[in-house]
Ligand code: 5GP
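The chain below stands alone and is given as structure tokens, in the form predicted on its own.
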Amino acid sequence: MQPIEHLYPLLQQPRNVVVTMHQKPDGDAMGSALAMFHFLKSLGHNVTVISPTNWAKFLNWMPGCNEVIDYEIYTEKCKALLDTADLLFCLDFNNMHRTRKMELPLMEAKCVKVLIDHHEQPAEEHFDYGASNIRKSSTCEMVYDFIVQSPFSDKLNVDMAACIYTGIMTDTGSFRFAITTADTHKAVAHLKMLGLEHNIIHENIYDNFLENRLRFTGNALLNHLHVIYEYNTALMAINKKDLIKFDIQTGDTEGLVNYLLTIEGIKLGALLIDRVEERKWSFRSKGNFDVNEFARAHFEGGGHKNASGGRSNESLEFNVKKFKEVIKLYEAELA
């Protein structure tokens, strides 16, 4: 994988470009993809953004989101776009399997493949050019760097700024996580100088849910929160029944796992969701407990040191039992 800066000469002539991200894209995935979309369009490229799956409704306000294509709905159209692409930008995922059903078409695509990502242990062998930096707050911050360090930095505008800010804000927990650096704040200051209205983005992301989502959150905290004090751990397991009862849609469980770390003394928070196709884990931690390694070792997942995910084809009950057994192996680290 060649350094990302070696890609700039290829951007001087118009090309067919596809930009994609991980399945069930969050603010950073969608933000980085749309920022890149606007940037490449400004250079005269023919650009399409493809999401491997659907996404949360609270992202629909983002400039350009109405042009994103859902691979699961428009599969053949997306395959045709990949077949004719000259460049493929893969943003906010470190391995092709994180794109679900798009994995094989992406692997088979004959175009130049570019990685921009901040997750650990990237599969660099699949990419021609790339930047992988686990010390960056978000992929959006990396896209910002890619733009401002390019010969085309004057193209950065308010639409790109809004998309970039969304990813930085969400992946840093509104700038509270340790991964937030001085460079992160400098980038945001630059975006503000361009005319970014950050308060509107906060409202669109955090104050844009239906009543049933708030009631679901209350029900989850009241009936499904299990605090395991001897291991400084909190667990929440949500069954299909509640997802149906409260009509929970993609994105409605976003941020739920973070409530677990608000309990005094808790170092590990784990959220398990009983999805139709599989069980999905979200892990968060404080301090030195590495949930990336924890998820990789036990739950077919990974991510960052203090924030990761996992999956399982086993039942909700099986996963809860397994989790309670596994954390016993980490008694010393969680003390």
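Here the structure is a predicted model, which means the values were calculated and not measured. Numbering starts at 1 and follows the sequence shown.
This protein has a second form, the form predicted in complex with this ligand, left out of what is shown; the following refers to that one.
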Query raised in the report: Among 31-39, 303-311, 262-270, 53-61, which stretch has residues whose heavy atoms lie within 4.5 Å of this ligand in the predicted complex?
Result: 303-311
Report summary line: Partner-free chain; cross-checking this ligand in the predicted complex, the single residue of K113, R213, R98, K136 with a heavy atom within 4.5 Å is R98
Query raised in the report: Would N16, H45 and K155 all count as contacting this ligand in the predicted complex, using a 4.5 Å heavy atom cut-off?
Result: no
Report task. Verify the contact flag for N94: yes if a non-hydrogen atom of it lies within 4.5 Å of a non-hydrogen atom of this ligand in the predicted complex, no if not. Result -> yes
Query - Any non-hydrogen atom of S285 within 4.5 angstroms of this ligand in the predicted complex - result: no
Query raised in the report: Since the partner is left out here, which residues of 19-38 would have a heavy atom within 4.5 Å of this ligand in the predicted complex?
Result: H22
